[in-house]
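Quick heads-up: it's one chain on its own, the form predicted alone, in structure tokens.
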Amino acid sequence: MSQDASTEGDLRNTGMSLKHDREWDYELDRIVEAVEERNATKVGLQFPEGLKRRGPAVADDLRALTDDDVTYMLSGQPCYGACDLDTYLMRRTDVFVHFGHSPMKESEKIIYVPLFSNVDPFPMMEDALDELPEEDVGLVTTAQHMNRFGEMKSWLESEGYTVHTRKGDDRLTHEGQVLGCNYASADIDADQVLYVGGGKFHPLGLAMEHPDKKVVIADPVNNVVTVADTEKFMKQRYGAVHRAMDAEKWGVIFCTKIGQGRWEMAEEIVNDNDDAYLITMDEVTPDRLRNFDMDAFVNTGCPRITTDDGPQFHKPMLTPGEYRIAVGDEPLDSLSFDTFHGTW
């Protein structure tokens, strides 16, 4: 996954690094209760990239609250979302705590601690009203701001808007929630959508997924209001597709992470192309792929690997839909954003 600070799960630029100790509730009591109820002796703690530095302090706090025979282990695996669980550590612990994301799939062993942000969203929402001239508006946000979603909706209604919200598919926990790979919550009956949250990737993906909608970004982290513009992003993707049109040897990446694998999609591509080779990987990085003598790659794992890190790969990296365009199965104007649906 990308190291960009706007990525889902990388919380360095989303308020989680601001006044950190005063803002975040690690729900230690709930973790301690689970440890005691299950007579746990091994507890795994998984943090997103921007919060791994806080892991030892949280472990120390938990040690002080539980028996001496309880061992706390920190996951060092990269983590960018609830789809990115450290299954190796999880299988070797009695309780596994995943910080920073809402549940993608419930499990008795896993405790999800969402780490909601308490950054005030309303000043930026008020500034965003100038970009929302119509009466009907959709409202979406990320997991970190879900604790204020009801207030956000009520505030917009008090400003005279008819607010449209919905819960997406099973990959999403909350009404109005979007992920970096899923924007089903924006499939609502309004031509304008207000995205409240940090970073530009989510609203860009939303605008790509719903090109008929105006997507306004109220960013309470960076204190800015903008309108999502997909032109630069689209040019980058079209460029990657064009560079791959002459490719002969294709590397088809299947991601082994629990929530990111699309085996049937990878298998179909390989079966249809004698010059396509299946490559299984957990962490997809430019350095790892340099070892493969391929003309281009198609990534069936997390779409953000392709879109965030695409320019860093030494050969074109395409989504499955873009691959179909590059090999001539689909027309160029069918290019669209790659999204994930369902859990695992």
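Throughout, we count residues from 1 along the sequence that is shown. Only a predicted model underlies this, so the values are computations on that prediction, with no experimental measurement involved.
Not on display, but discussed next: the form predicted together with a further copy of the same chain.
Distance criterion of 4.5 Å from any heavy atom to a further copy of the same chain in the predicted bound form singles out 74 from the list 224, 74, 227, 245. Interface residue among 122, 116, 88, 238 relative to a further copy of the same chain in the predicted bound form, by the heavy atom within 4.5 Å criterion: 88. Contact between residue 39 and a further copy of the same chain in the predicted bound form is not found at the 4.5 Å heavy atom cutoff. Mapping the unseen interface onto this chain, residue 231 falls outside it, with no heavy atom inside 4.5 Å of a further copy of the same chain in the predicted bound form. In the predicted bound form, none of the heavy atoms of residue 151 sits within 4.5 Å of a heavy atom of a further copy of the same chain. a further copy of the same chain in the predicted bound form comes within 4.5 Å of no heavy atom belonging to residue 134. Residues of just one listed stretch (163-171, 262-270, 177-185, 196-204) have heavy atoms within 4.5 Å of a further copy of the same chain in the predicted bound form: 262-270. Annotation for 99-122: no interface residues with a further copy of the same chain in the predicted bound form [heavy atom within 4.5 Å].
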